[in-house]
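Below are two forms of the same protein chain, given as structure tokens: structure 1, then structure 2.
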Structure 1
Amino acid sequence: MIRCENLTKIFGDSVVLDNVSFSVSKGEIFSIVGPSGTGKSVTLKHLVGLFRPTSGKVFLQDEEVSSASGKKLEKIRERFGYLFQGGALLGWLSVAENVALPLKELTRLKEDEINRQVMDALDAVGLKDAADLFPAEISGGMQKRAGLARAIVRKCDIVLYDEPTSGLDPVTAITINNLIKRINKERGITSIVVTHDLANALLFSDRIMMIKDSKVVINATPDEFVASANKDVQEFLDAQFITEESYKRMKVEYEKKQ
């Protein structure tokens, strides 16, 4: 569904992405992990044409995103929802008004239909009762959920998540990750998740790609990721105190709760 071919991005003298290639199938939850500053968020921005590659190409099915512009790029972007790292809610608008923004700015729907779709999206993330509250009146986890509602309100089929659990406590982070998985399944959405939260990524992802020093280190299933003998992968696992045994225990506990 989404394909990157030899994606390279250079800012000045800095190579941020170096011949990065991967593909994401329809309906997958595909996580991108790695140390800070390795180009994870830059990769996301290439997928929706916010950045142009220095070289290489990005495709959404048969459409080349990396060369698209104008109306063609707008049409491609209609298929994407984007959950920004901080939620990116406007403080002077209510939760419902924040979620309604894409519909008001990008469609010609009537007010009653906008309201219906907004409430459907808020219901999907468990925030229907918070519709009239302002961002300052809700928790960080609720702000992330409101941002997710805004990302899916236009019935997109791909959602990009940039650090969806950043700044959240472990319990709230698990709630957000479970929500990503549930919405992915219920709505048939393809999800691409940039995250530092490797432990949870191992539990909810179909595949995980690690980037280090601007290059792809591994692109594998969670089981393959944990079992990898690659030195960089093992160092990354060690830094988060994850072993094959602890992963197996986490996986058993997680599956019991599903």
Structure 2
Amino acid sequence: MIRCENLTKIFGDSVVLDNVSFSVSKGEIFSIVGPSGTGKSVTLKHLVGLFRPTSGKVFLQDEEVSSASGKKLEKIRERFGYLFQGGALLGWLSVAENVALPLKELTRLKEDEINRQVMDALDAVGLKDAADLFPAEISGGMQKRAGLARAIVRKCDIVLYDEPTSGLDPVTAITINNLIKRINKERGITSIVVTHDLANALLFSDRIMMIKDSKVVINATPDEFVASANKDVQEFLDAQFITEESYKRMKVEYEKKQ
């Protein structure tokens, strides 16, 4: 569904993405992991045309995103929901108004229908009580969850999550991860998740890609990922104390809970 071909991005003199190619099929949960500052957020932004690649192409089905502009780009972007790393809420709108914005601007729903959907989305991320507060009045984790509610409130085909659970407490993080999984299953939405939480990524993703030093290190299923002999992958797994055995145990536990 989404295809990146030899994506290269150079800012000034620094190469942030170097020949990154991958594709994500419909209905998949695709996780991107990697050390800080390797261009994960930049990759996501390329998928919706917020950055133009220095070279290489990005496709959504048969349409080229990386060269689209104007109405064509708008059409493409309408299919995406996007959770930004910092939440990116508008400061002068309340949480509920922020979440309502895509519905108000992109759909022709009635006011009470919008309100209902906004409340549902806020309920799903556990922010119902904060609906009338302003972004500056809530914590960073709450801002992120409000951003998540805004990303998923509208029916779209693909949702991009930039670190949905970083900065959240473990219990809320699990709720959010389950929410991502549930949305993906119920609505058949393709999800691309940038995350540092490798353990959870291994459990809920269909595929995992690791980027390091602006290159793709591995792009594999969770099982293959854990079994990989690649030095960087092993280092990354070690850092979070994940071994093949512990992964298998986690997986059993996880599947019991589903």
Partner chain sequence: MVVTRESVFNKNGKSFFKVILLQMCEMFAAIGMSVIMMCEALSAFPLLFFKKDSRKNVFSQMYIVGIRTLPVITVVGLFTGMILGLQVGLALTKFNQESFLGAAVMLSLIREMAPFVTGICLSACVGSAIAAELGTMVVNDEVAALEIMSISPVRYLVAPRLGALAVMSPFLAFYACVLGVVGGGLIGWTQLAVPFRQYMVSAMSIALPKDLFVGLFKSLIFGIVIGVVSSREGFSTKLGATGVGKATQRSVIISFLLILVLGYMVTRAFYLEF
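Counting starts at 1 with the first residue of structure 1 and goes up one by one along its sequence. Rigid core (definition): largest C-alpha set, two forms, superposition within 1.5 Å. Being a predicted model, the structure only gives us computed values, none of them experimental.
Note on provenance: structure 2 matches the form predicted in complex with the partner chain. If you fit the rigid core between structure 1 and structure 2, you'll see the Cα of Leu109 move by 2 angstroms or more. Relative to the superposed rigid core, Asp132 shifts its CA by 5.1 Å between structure 1 and structure 2.
After superposition on the rigid core, the Cα atom of Val118 is displaced by 3.3 Å between structure 1 and structure 2.
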